[in-house]
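The data below hold one chain only, encoded as structure tokens and taken in the form predicted alone.
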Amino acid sequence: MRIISVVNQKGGCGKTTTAVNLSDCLALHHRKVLLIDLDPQSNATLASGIKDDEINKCMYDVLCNKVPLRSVPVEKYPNFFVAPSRVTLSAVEQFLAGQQGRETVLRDAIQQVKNDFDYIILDCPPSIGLLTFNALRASSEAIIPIEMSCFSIQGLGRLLGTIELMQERTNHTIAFRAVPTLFDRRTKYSWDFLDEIRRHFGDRMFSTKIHTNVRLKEAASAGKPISRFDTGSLGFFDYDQLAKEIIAEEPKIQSIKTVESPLKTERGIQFRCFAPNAQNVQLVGDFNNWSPNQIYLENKNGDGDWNKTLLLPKGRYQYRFIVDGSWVHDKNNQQAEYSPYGGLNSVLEV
């Protein structure tokens, strides 16, 4: 499963338009998608065509009332589910202020549905606050829509600084890329500004450009994704191309396949983690006082199947993997417990 935040602190850059239409285009390509609306303005909810009387529970209930996320989504179209928002979501930051683990509430809630979807798309509010920080902590990837305007570049420094600061403090890595939006191919200004974005982002930029297209605005006003409104429009072509570009990355994205782990062998306990794109994978747990840089898994065959066998005395242990600096639990081990510091620890009994 891939969790992708669509984030930009600037409003009017096509963030919600991107979140809604990308989600639906992925669903059209037979991916099961959950769109989570984290904006109190509920624009993604409205643009998906969800009316207030269709909403039983919303994301406020998940984040503040500990309602299971699985009970919230509305299936709007085949393979396309929406976890809606209401204006009450604006009270989340005040409600969670001062609470331990407030930055990982969303990440912990998503753990309940991690096997239910191929993609989870998070539509963030146009600000850098607790809701956006929760989205980034829950995500492995981020898409940054950038409109063809000099003002859109000015606020990027703060956003990228927030991402880098979060990565330093939490050891949580996010792969972020920019997508140009509101692109007018008729104007020299748009082409010049596109070069400016390339100078800022380099290869961290999608090949797809989202052109200015009035049908996208009309579709949002009608409460429909563009694919349900006008498949002959340039807007549909652009977002379908963006979906295809993201789908093409699937074999390259680090994943953990189903392997037996931990495995009891004659030589000891074998820990296995499938991470084909990783540079290094470590093992930490209460058996080594959770100390990094001590136990490294080996990828002898170069096929991404990292493993390490340890001799452990009889007992009950908690552990995690560290994949290129990102702490993750063993997704092939069904036994897990919540850590007091956030997230899940895998559990092993010898």
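Each residue number is its position in the shown sequence, starting from 1. Values in this document were obtained by computation on a predicted structure and should not be read as measured data.
As for the form predicted together with a small molecule, it is not shown, yet the points below apply to it.
Query raised in the report: Would you say all of T16, Q41 and H211 touch the small molecule in the predicted bound form, counting a heavy atom within 4.5 Å as a touch?
Result: Every residue of the candidate spot has a heavy atom within 4.5 Å of the small molecule in the predicted bound form.
**Report entry** Interface stretch in the predicted bound form with the small molecule - options 296 to 304, 33 to 41, 315 to 323, 280 to 288, non-hydrogen atom within 4.5 Å
**Finding:** Of the options given, it is 33 to 41.
Query - Partner proximity in the predicted bound form: L194 to the small molecule, non-hydrogen atom cutoff 4.5 Å - result: Taking the distances in the predicted bound form, the answer for L194 is no, it never comes within 4.5 Å of the small molecule.
Query - P276, heavy atom within 4.5 angstroms of the small molecule in the predicted bound form - result: P276: no contact with the small molecule in the predicted bound form.
Query raised in the report: At the 4.5 Å heavy atom threshold, is L122 in contact with the small molecule in the predicted bound form?
Result: Heavy-atom contact with the small molecule at 4.5 Å: absent for L122.
**Report entry** Contact label in the predicted bound form: K10 to the small molecule, heavy atom within 4.5 Å
**Finding:** Although the small molecule is absent here, K10 would touch it in the predicted bound form, with heavy atoms inside 4.5 Å.
**Report entry** Among the candidates K217, K244, K114, H200, the residue which, in the predicted bound form, approaches the small molecule to within 4.5 Å (heavy atoms)
**Finding:** That would be K217.
Query - Interface residue in the predicted bound form among L182, M166, A178, L156, criterion: non-hydrogen atom within 4.5 angstroms of the small molecule - result: Contact check passes for L182.
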